[in-house]
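This document opens with one chain alone, in structure tokens, the form predicted alone.
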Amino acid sequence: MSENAYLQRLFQRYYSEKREDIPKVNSFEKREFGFIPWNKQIMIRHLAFRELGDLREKLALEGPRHVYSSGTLYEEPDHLDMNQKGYNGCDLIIDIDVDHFFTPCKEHHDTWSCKECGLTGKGMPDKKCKKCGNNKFKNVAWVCDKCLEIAKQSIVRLAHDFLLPDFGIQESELNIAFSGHRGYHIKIENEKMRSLSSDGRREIADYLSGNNISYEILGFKSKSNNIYGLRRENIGWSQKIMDKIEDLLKGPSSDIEHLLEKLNFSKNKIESFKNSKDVFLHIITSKNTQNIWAIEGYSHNGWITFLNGIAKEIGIEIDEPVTIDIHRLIRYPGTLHGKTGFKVQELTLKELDFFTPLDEPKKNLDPIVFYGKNVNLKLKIIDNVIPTIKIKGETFGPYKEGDIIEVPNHVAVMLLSKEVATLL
């Protein structure tokens, strides 16, 4: 039996035994569905289900590798012509996935190889291969508690620092889910958000990520050789930036130095800033000053560079095309992720605070559905290097190509799903 055939049968059995665990999302019958089968990596789209039982039956019958549904609502979600579906608006979807931003742990557990010349490396590849200039890579991405915690904290900040206070979103309108692999997504079911165009969603994506901020609109200006800074009284981004600057100035000087070095400020300008930090802190926290920002060596453009750096620290790293797209499909809750075998787990904001996907103690929230201490599988490693994996409190690996291993069922499913091992 091939690995894909084995995994498909495993998924089929799961969907048959756990069919009652597959939830019904709001406006179920108006959403388009898409499946990716095990025998090819092409999505079968334009599917619709009138009843939840029909979806559950199809999942049990086919056991697809990946299952998606649309954030968009349609009159005829199964129509093959997108223009004939009858668009009724789209939920705002925000995806946070560690695939899209740097985390230090990737240097230990992610690998890549150039598809043209075979050059290999760890972490995130450059945009082009240093050896041959090719821009196509094979990436093998893994998960660890560190990168998943970073993704989780980004979702928490997104909700508490942006969506709830700045947009007036109600907590009940947030549909949060662990993707089953490297991140989380939020689907916001709000009528005003549903009516937004792609351009409107792009503006929200910019706002959340801190891109293209007009500091002049927030009050920053140069006048008569003086530079007037932002004020905390202005809510939104002005307040967020001022709070961040205050935290920076109250912290160790090494934090200031680290930020300014990242922004390519010269050593003299970094020292000038550090020497002026107490005076600057007094200026931005005192209500009786004119809020003139004056540090030797810092011109208007220098301050803009500094503010952009602060905004980058505050903003959320989101997958912007997902938010902008009004026809986007996202993973359906309760289904299985075909690269890990983990479940797409829905969470409330309160549940999210303590959620630990690789070692979740609450059975109803545990995404590792194939966990079993008494079922082991023998595998052969076919990838160059498999990093150390810690899951359910146990450590596995590292492994190298050709290794014969015997591991618990849930670990075997992940290795097979990632196509780095074969059955023996």
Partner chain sequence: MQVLAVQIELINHYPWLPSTKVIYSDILSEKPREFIKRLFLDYPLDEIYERVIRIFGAAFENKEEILNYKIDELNVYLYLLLKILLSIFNDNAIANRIANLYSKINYNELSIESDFVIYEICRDLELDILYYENPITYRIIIAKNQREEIKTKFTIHFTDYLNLAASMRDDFRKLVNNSLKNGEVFIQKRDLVRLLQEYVRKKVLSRQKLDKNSLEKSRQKLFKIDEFKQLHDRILLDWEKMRDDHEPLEFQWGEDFELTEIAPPCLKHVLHKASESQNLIHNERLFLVFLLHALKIPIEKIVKIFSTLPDFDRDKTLYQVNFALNKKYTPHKCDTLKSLNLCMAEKYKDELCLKGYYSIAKDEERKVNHPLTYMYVKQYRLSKTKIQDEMNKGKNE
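Note that the coordinates shown come from a computational prediction; the quantities given were computed from them, not determined experimentally. Residue numbers count along the first chain shown, from 1.
Absent from the display: the form predicted in complex with the partner chain. The rest refers to it.
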The unique member of S214, N264, N268, N301 whose heavy atoms fall within 4.5 Å of the partner chain in the model of the complex: S214
Heavy atom within 4.5 Å of the partner chain in the model of the complex - residue from E351, D166, D243, E171: D166
Candidate spot S197, G200 and E203, all three touching the partner chain in the model of the complex (heavy atom, 4.5 Å): yes
Non-hydrogen atom contact H79 with the partner chain in the model of the complex at 4.5 angstroms: no
Partner proximity in the model of the complex: F280 to the partner chain, non-hydrogen atom cutoff 4.5 Å: no
4.5 Å heavy atom contact, K192 and the partner chain in the model of the complex: yes
Contact flag, L259 vs the partner chain in the model of the complex, heavy atom cut 4.5 Å: no
Options 230-238, 71-79, 150-158, 106-114; stretch whose heavy atom lies within 4.5 Å of the partner chain in the model of the complex: 230-238
